[in-house]
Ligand SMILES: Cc1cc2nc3c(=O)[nH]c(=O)nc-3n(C[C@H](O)[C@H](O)[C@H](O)COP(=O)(O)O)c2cc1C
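Given next, in structure tokens, is a single chain: the form predicted alone.
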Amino acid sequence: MTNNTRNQKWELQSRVPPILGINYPIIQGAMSWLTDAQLVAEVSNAGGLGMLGPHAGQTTNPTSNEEVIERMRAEIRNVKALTNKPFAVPVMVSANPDMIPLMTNLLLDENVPVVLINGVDAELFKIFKAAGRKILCRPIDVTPENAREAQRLGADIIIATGFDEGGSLPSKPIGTFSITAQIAQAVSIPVLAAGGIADVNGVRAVFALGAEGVYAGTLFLATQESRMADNVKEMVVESNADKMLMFRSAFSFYRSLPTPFADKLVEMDKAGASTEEITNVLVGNQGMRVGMVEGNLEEGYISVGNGITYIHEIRSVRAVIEDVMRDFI
């Protein structure tokens, strides 16, 4: 794409901003350990939708479910002190089942305006719809069938995640562009594309495929407000997707930038270790927190998406949003 094309003004339309009460159709992903009130509030204040992820703002492992809830309650209140704009918090359907009712009650008690449900759970949809909350649905493995079921149950927006994402990857290696087009054709509610989108051309491409917004994680990690370690931010800026390592886990696949710890996981995979053995090492010492928040590459990994190819500098959250959302400004 020529520079003239890159800089021209496109006319993109989206139903997402009026649904969520935001300015631009961009949602910051719920990345475990890597979000906090500062990042979330800054995204929301800049016109997107910020989202607290699991272990938001934390540096140590919790000792109980009750501690998880009280930590999140405190971080939600920190967000409210920094912005009066909408923000979101996820309910992890696939997580510890005992946590689901506790987290549900917390989000209702704290009047969190938008919830992310990582699955299609009829009871959760019923509860949050009755409470007047906006529901983002992000199935772990999105299909036309479960997207239509989520729409039937009352989801406001569906997130279509492709194999280009960071974190735990979908079980089927379908790229972001392919899955976005497939899901956009399957439902009538707005679809957000997730995975590998980190510049304005990626935004334009998924809109051409039927999406009405983007759900982005890696894009917000190399920002001034991100709590990710400075040495890891520099790694992201200096790297691109072809440097990534990939290994199996119980969740499907994981990818990481090269670190001694990631090398160990790749070697375990090549040597025929079971997915359970790899996963025990992967999460046993909370390698994402150690690697990405503490910057300890010997004992942690760097889970990012293929969008790092398009990240060339550390900028403010506002500058990032104004760049990738330029067609709406």
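Numbering starts at 1 and follows the sequence shown. On a predicted model such as this, the values are computed, not experimentally measured, just so you know.
As for the form predicted in complex with this ligand, it is not shown, yet the points below apply to it.
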item	value
Partner-contacting position among Asn45, Ser32, Asn296, Thr279 - heavy atom within 4.5 Å of this ligand in the predicted complex	Ser32
Partner contact for Gln151 in the predicted complex: this ligand, 4.5 angstroms, heavy atom	no
Distance check, Thr104 to this ligand in the predicted complex, heavy atom within 4.5 Å	no
Proximity of Met292 to this ligand in the predicted complex, heavy atoms at 4.5 Å	yes
Contact flag, Leu221 vs this ligand in the predicted complex, heavy atom cut 4.5 Å	yes
Which of 158 to 166, 177 to 185, 69 to 77, 232 to 240 lines the interface with this ligand in the predicted complex (heavy atom within 4.5 Å)	158 to 166
Within 4.5 Å of this ligand in the predicted complex, all of Gly196, Tyr215 and Met288 (non-hydrogen atom)	yes
Contacts with this ligand in the predicted complex - residues in 37 to 72 whose heavy atoms fall within 4.5 Å	Pro54
